[in-house]
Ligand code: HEM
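Take a look at this single chain in structure tokens; it is the form predicted alone.
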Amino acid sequence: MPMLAAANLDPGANPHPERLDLTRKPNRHLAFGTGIHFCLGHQLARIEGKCALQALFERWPDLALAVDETQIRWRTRPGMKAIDKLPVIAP
């Protein structure tokens, strides 16, 4: 079974693919597909993501991890890497 999400974890395409780097250039992820199968709503999704993060950090500018990053738990699900729980504090 092909794992499309695994393509985004290729260190040959993206150095340190496991890190969230919003300034990564070039950003060769496949989240919105490619070629004729490229998502028509990709610009809307990007705008929504930007607005959500901006609102989050405007509301809680000091938001921080409540645990050491080594304690973050990941879901064990084939084909998709996702955080299970992300404890945060907003002092």
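Just so it is clear, the model here is predicted, and its values are computed rather than measured. Just count from 1 along the sequence shown to find any residue number.
The same protein has a further form, the form predicted together with the ligand, not shown here; the description that follows concerns it.
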- Look up in the predicted bound form whether residue 66 has a non-hydrogen atom within 4.5 angstroms of the ligand, and give yes or no. no
- Query: Taking heavy atoms only, is residue 39 within 4.5 angstroms of the ligand in the predicted bound form?
  - Reply: yes
- in the predicted bound form, residue 51 touching the ligand (heavy atom, 4.5 Å): no
- Although the ligand is absent from this view, report whether residue 47 comes within 4.5 Å of it in the predicted bound form, heavy atoms only. no
